[in-house]
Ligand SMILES: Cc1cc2nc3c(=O)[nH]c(=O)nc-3n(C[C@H](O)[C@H](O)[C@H](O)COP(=O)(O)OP(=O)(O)OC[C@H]3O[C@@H](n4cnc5c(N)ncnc54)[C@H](O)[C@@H]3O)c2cc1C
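Take a look at this one chain, the form predicted on its own, written out in structure tokens.
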């Protein structure tokens, strides 16, 4: 019989233990001055750790069925994590998935993203938001979420591992694949779906539910609506065709970028070359054991949350817009997280009552307005993907930045007075939030850091109401809204789990 035991070790001890033991969970504890790593490892009946290379089955592999001639089928709109994991779950239950994805496959999508990074134009259907794998594929591949979604989250990790993710996804507290590795895993999922008889149609944007004959109840084909939170045109189509929508809370702000070395010093309690953690020759040796530092910051300002979102240690800022004439940024890290920069979304909570009107699309309209405003303030450059930016302390103190520090954002940044044009719901709260974060980590508020605008796609501004028992739309039978775009998830893993749950409902199984 196998059990688990927990160990609290120094970074060096933990590194050595990981080479020998079967680790099932790992997290770095930087709350005290001396870093500690928490490991949970498999042990035998006498409490002895199981060797890393012991022949222990990690999990039950999926049993996908051949559905080439299946009697039952289901349509899936969107090939992001919700759609792909729904399709894989349908295969396990002998139901044929038919996926429609507006964007391209990951290989072709890479080419469009490369053009975008080189300021050579935006493809509205193939970019960081749209295409196979969804928004997370090329913007980091984090496998953790703030969401408390119910279900078998471990199964999500097991499926990622089955299709090629490293062993660490099975035990890391904050698992991360990286945008350099995730596309291959997504491709493996696609090939599995097709091999077993499923269909995937790329370059196909569903512009009307009537195309799918949802109202022909004799057909009885369920539809999983797994659109991403950036599919603004699809929301408009749903509203026009009478599908119930409602405004939900969301968040918007900027992306802040610091030198990674500074974040390591602040989060790991290091100062210059003098380590408060004894026993290491230099900072690089310690970082080699624990990796570049991340942070999670939150405060309250005037009744609204201000917090970090999608923190990317050793990462890059990327252009994440999906329509012409807008400026949207996001962040990502490759698997090694080894760039000299650390970036994070810094966003302010927006509640429905903060925006005037009763239109269920009002949050979406508010997002679009800010994205156009950011584009206008970057228009001093002839390059379409250049973004407006300001040194961090200058932003907080209300000063113009005469120049800007080096930045990971490949299309380039231009000086702009974000402190003057960000809306009053956002700008002043961000300024106070940065002051609060500096009190917690003195040195965080520095002109070595830069903020880049705008971070507006942290979550959907719309929810598609559904019955909590059947998961079907409250206004449209056989329509299963799920994932981030439906307003029921926040990130890759919770979206994947929501897709699994929708597929299980279709299969007639309980969660």
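Positions refer to the first chain, counted from 1. As the structure is a computational prediction, the values presented were derived from the model and not from experiment.
This next part talks about the form predicted together with this ligand, which is not shown.
Only one of 438-446, 65-73, 464-472, 482-490 places residue heavy atoms within 4.5 angstroms of this ligand in the predicted complex, namely 482-490. Each of 83, 130 and 310 is positioned with at least one heavy atom within 4.5 Å of this ligand in the predicted complex.
This ligand is not drawn, but in the predicted complex it has no heavy atom within 4.5 Å of residue 341.
The closest non-hydrogen atom of residue 389 lies beyond 4.5 Å of this ligand in the predicted complex. Interface membership of residue 205, defined by any non-hydrogen atom within 4.5 Å of this ligand in the predicted complex, is confirmed. Though the partner is left out of this view, residue 375 does not reach within 4.5 Å of this ligand in the predicted complex, counting heavy atoms only. A heavy atom within 4.5 Å of this ligand in the predicted complex is found for one listed residue only; from 293, 95, 231, 256, this is 231. For the options 136, 315, 345, 198, the residue carrying a heavy atom within 4.5 angstroms of this ligand in the predicted complex is 136.
In the predicted complex, the residues of 96-126 lying within 4.5 Å of this ligand by at least one heavy atom are, in order, 100, 101, 102, 103.
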